[in-house]
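One chain follows as structure tokens, the form predicted on its own.
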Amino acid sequence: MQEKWNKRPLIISGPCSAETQEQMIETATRLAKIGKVDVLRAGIWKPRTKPGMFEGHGITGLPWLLEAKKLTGLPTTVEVATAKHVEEALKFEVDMLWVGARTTVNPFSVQEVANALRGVDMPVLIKNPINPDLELWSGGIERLQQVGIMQVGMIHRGFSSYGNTEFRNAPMWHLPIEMKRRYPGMPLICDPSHICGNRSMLQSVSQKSIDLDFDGLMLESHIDPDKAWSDAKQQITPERLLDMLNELVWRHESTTRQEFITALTTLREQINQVDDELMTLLGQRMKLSDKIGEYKKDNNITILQTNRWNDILDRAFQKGEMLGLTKEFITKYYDAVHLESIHHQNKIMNS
């Protein structure tokens, strides 16, 4: 398993749920045949949103997974949420475990899993929590590390976002990027299946993660996706998985080509200079906000001026469009600037 753990990219695939022995064996056989998959996954215990949905066969499915492993040579991985899950998975020679999003969100559950893994030498991946809380994600990692798990990795499966329609779980790419900054060298795997919730977007999301220097992919595959017992819309056949993996452009974080290094260094220095200028301009803007705050205080005028703020945004959208900046970026940038300006004026008002 150590060799697989160190492989880049690391490709994990298999059905959302282990449904039958025949389904598991055929899925594993077809995945092994395409020669691109490193680890076989399957849902044994399925934490579902509502009762009555298929919640997995439990330990009944573990012998199927072990048989698939022996027939194909593929290492196996399953999701665990309790100490009992860990105990049963180890009995059936599961090679790698992952902690799901619904478990990561609960420190008590993560600690229970961690305690059950004390003294066990195996890789453990931890998915981001359902809500965009990096401290919960970091806390889960640290709980695993504290019991001696040396091979810890992260899975980015997107975050729940009310009203989100494009993705099943919004990727919020800046959050896994921050985790990569916090834990340099720790494997970061993307789970496009749960980000997308559909087949049509899997390729683009997979490519985006590769371009952001993720270390691998976890993709759900099924011998007959439309008839899958859970998450049918986001699963693909092993053969389609092969086509998709072949179509992806795998990039590298660095190169030794001197021409590239020289050009990149020059451009980065230009960015540094522009960033310095931006910081200086922002500082000047806040000084103007301070002066406005003083006038408002002297004349008992409220800090927030809604009409003025709407005018600023309208001008910014028009200018930004001409400069190739998205409306989404302009909104986020100006919101941040506006909040900082309000903070400055609030200090003056209450000084």
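What you see is a predicted model; the values in this text were computed from it and never measured. We number the residues from 1 along the sequence you see.
In what follows, reference is made to the form predicted in complex with a small molecule, a form of this protein that is not presented.
Decide whether Ala101 counts as a contact residue for the small molecule in the predicted bound form under a heavy atom distance cut-off of 4.5 Å.
Contact check for Ala101: yes, within 4.5 Å of the small molecule in the predicted bound form.
Determine whether any heavy atom of Glu79 comes within 4.5 Å of a heavy atom of the small molecule in the predicted bound form, and answer yes or no.
Glu79: contacts the small molecule in the predicted bound form.
Heavy atom to heavy atom, is Lys46 within 4.5 Å of the small molecule in the predicted bound form?
Lys46: contacts the small molecule in the predicted bound form.
Quick one: does Arg157 come within 4.5 Å of the small molecule in the predicted bound form, counting heavy atoms only?
Yes.
Contact segment among 187 to 195, 204 to 212, 144 to 152, 106 to 114, judged by heavy atoms lying within 4.5 Å of the small molecule in the predicted bound form:
So the stretch in question is 187 to 195.
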